[in-house]
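We begin with a single chain expressed as structure tokens, specifically the form predicted alone.
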């Protein structure tokens, strides 16, 4: 009996011990799940902050373009000097005739000194040249300007022979590797080549645009890719992205990078890059089944039209939207000394398609010679353009439609509907994003392109007998992501895009079966040593720092919004009203109530003293004590726009603009801003901000002009 009792006690003890261990395991599991859930929630909030700020910045770029379009519409030049200035300001991306471009490039006249120790190129290029470039760039060496220009010259000649849509077959290589955005991050390209191997006759690559901007080594990436393109023209394929656009480069860093690295020949190199970008193919088709485009599609995307577009006309997709006849006509008449007559109905409505048949629009009366002459020339020009298209005859080097060409066409108004349609086709494939909802709508978040739903994808794939789409354009945490029932694949190759540890990079490999195989990586060694918690905390800190800058930049608007909820003028509002007011001002679509603990440190009785909170934000951002808070707010909010404007005016990219350019710019802005300055006032302003009295204005002095004008009574 005693032994049996002892066994029962031991059994109960073991059972109790196992039960406690089980409960402990459940508690640990619950704790771990809550911990992972909190980390995931923090990660998602951080991700939304970064993406919202990024897309808002892109939207600002579109708004800036629209601002300049408005200025062109509203400002009537009063003299030939002003007209020439506007033309020069807005045609920085104009096309050169072949002979003019050859003369402008003129790389043969640039001597390479004996002291130069970097890589040397000779054409035709060989694989050894590519290897030498890779080694040189790893050692932080720089390619001489002569070789850069020579490489761009040869690349342009090659790209001009390529179709708009490149065709790749897996029959000629074991597999095709598709890479997404690199954005100037050379380490990611090195890691891709290390893991996957260099381009070769048995290893094809498709690089899907956005090679430049944001990162610091965009130029080196382009040099490497163009070199491999010339060595293996059948195995290396490059698509154009939305950042292969000189107007975008002005804002996001590539223009600045080139001018810093090549102070003497930077202008020539930039001009050549602009021309090379417009010759990049628009898409790549693998085995007639997988379409690779940078952004996406819309419900009007037409591959047949994309194949026939003269892609070199669109040097900047942001600035080729031709003004409507109704808005251009008064200015044309003012320049020509004419009075405004009746509206031209034919200019408002676009014909649905080109035709050799006479247009239905009735000819003006022959009594009005000017109107009849204009109608006759337009009709003839339309028929000439139609014939050229139908028999595939084009000019040797078509000029980009620019403001100057609009002004010079006094009596001839070429049809704009075909170019408008072509422009939209390119804009959509470079700027669009997929969405989970059905349909197709304007992409107001980015400011360009559209959002397309799974139904649009399905119809498009069915129409062209495709299996799926590969696109880039969006940063993804894992480097890739499927959507639309795995019919749309996003691939993004720039790791640590927002911050170290924010995301992996990835590339995808396709064999003859067209089944995607992914390779993910982290190019930064620090990211490998961080735990998940450390990585999220680091990225989160960077995201909230950027968000506080955005809040500070909108201080004045926030105060007005807060006061709307503070009827008694107590200086205090509820946290709920705080969240609503902040979203109404910033419009970032963020969960402000969830983010509030990271942004609002302390509250009393659930109420926020908003003036004290804004003062704390100002203390964080005020880096220079002598700058007043209101001015610093203006600079934070507008610095990117102001810097872009400055670079547009600074056509030679010297970092300086002349007095005359500054004076003409202020005249141009006065039609849009609530600032009225006389010519004498502008002269006084330009002299007062030229601190070093060198007769030119740098960017810091340019910002000073906005400070002085801000203080002047309007």
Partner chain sequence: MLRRTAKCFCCNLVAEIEKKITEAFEVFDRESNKTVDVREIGCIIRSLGCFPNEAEVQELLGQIEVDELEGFVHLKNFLPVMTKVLLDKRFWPIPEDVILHAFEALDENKCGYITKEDLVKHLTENGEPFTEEEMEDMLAVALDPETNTLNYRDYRIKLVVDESKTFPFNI
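Keep in mind that what you see is a predicted model, and the values were worked out from it rather than measured. Residue numbers count along the first chain shown, from 1.
We do not show the form predicted in complex with its partner chain, though everything after this point is about it.
In the predicted bound form, its partner chain sits beyond 4.5 Å of every heavy atom of residue 9. None of the heavy atoms of residue 567 is located within 4.5 Å of its partner chain in the predicted bound form. Its partner chain is not drawn, but in the predicted bound form it has a heavy atom within 4.5 Å of residue 436. When contacts are judged by a 4.5 Å heavy atom cut-off, residue 656 does not count as touching its partner chain in the predicted bound form. None of 227-235, 308-316, 488-496, 585-593 except one has non-hydrogen atoms within 4.5 angstroms of its partner chain in the predicted bound form; the exception is 585-593.
The partner is not shown here, and in the predicted bound form the stretch 182-212 never reaches within 4.5 angstroms of its partner chain through any heavy atom.
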